[in-house]
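This document starts with two versions of one protein chain, written out as structure tokens and named structure 1 and structure 2.
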Structure 1
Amino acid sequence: MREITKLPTETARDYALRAIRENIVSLDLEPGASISENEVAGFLGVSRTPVREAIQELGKAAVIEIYPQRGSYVALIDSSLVEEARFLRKTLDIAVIEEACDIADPEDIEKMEENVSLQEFYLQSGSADKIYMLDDDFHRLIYAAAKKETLHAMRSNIMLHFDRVRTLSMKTVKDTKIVGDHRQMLEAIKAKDKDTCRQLVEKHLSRYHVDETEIRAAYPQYFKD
């Protein structure tokens, strides 16, 4: 596992949940890996109870498989769940970016501009991990501009399935076209151009279909048959 810093406002359960989630998405906890409550609790410096609760929560999201008396394992990537997640995200992201076109204020635009400028900077230095984090934050900023931050948080569990593939895409295909996508989305929001925003979201989220063959070839052990 990769070390995740506990936030001052987090409960032990929330910290355990976030730390395990982030390690699953980053593939520091690989698909198929076993998860020991004792080991995770020791690593995070919390008791077993919040770790057990976090594992149960992620089990409900089908990203961890729990077998009584046998243990818990990070689920292999299930393409059908990835597609469901992508469909949900596309449906929500289109509606939200259209709303952002209507109500984003200058402060919202400034925050998105700062984010995209940082992406463009890290693109030049080849920092894929930084771009990945900024990618997540850019889309969160669109939801914030549309006053839909609660909706963004509610969709997070199903997005775990899609986000693992995004990580593999960055590692395997190194698709940095997403930075250009984000720049175009921002310019379309500024122009209040809903049609272009809709087209850009669809293109942005279709990239997995292009990458899937190459990703599977590089990491066949990560995928459920």
Structure 2
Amino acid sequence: MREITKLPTETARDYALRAIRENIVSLDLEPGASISENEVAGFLGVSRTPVREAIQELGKAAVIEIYPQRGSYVALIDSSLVEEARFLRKTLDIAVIEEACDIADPEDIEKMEENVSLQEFYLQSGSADKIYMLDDDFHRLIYAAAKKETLHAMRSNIMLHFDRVRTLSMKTVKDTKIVGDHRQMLEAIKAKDKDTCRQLVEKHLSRYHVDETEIRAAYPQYFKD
């Protein structure tokens, strides 16, 4: 487990949740790894209570499997859950980006402009992790522009399954294409061109679909079944 520095403002519970979550997505906590409340509590320097609450929440999202009195484990990557996550994106992301076409105001557009520009900047300097964060943020901004922020929070949880595959595919999928997709999405939103938006979201998603089979072949021990 990799160390995550605690922000002075956040509660112990939020800290534990963020730390565990990031470690799972980054695969520093590998799929199948055991994860004990006491162990994590000791590592993070907090008590069991906030750690337990964080683990319960991730258990609810099915990225941690909790077996009472036996132990808890980082869930193996379940292809059917990845598929559900992809299905949600394919339907909800499209509906939301279309809504954004209708009701996004200039400030929303401005924030997206800043975000995509930064992505293009970091593409030059080759900072993959920065682009990763900006990627998440870009999609959040679209949901915010469509006034669907609660749906985005909900989306985040199931997206964890997708995110682990994304982490594994970071080396193969070209950041160039991703940033290019985002630029095109932004321009389509500005033009209120829903048809193009829909096509772009579908193309964007298909990029990850291609290499899932390759990844599964490369890391079979991470996958369920």
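By convention here, residues take numbers in order along the sequence of structure 1, the first being 1. This one's a predicted model, so the numbers in the text were calculated from it and none came from an experiment. What we label the rigid core is the largest C-alpha set whose atoms superpose within 1.5 Å from one form to the other.
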For this session: Name the structure that is the form predicted together with another copy of the chain; the other one isn't.
Result: 2
Exercise. Aligning on the rigid core, do we see the C-alpha of Ala188 shift 2 angstroms or more between the two structures?
Worked result: no
Exercise. Does Ile35 count as moved between the two structures, where moved means a C-alpha shift of 2 angstroms or more after fitting the rigid core?
Worked result: no
Problem set entry | Asp14 C-alpha relocation of at least 2 Å between the two structures, rigid core basis | yes
For this session: Can you read me the CA shift for Leu44 between the two structures, rigid core superposed, in Å?
Result: 2.6
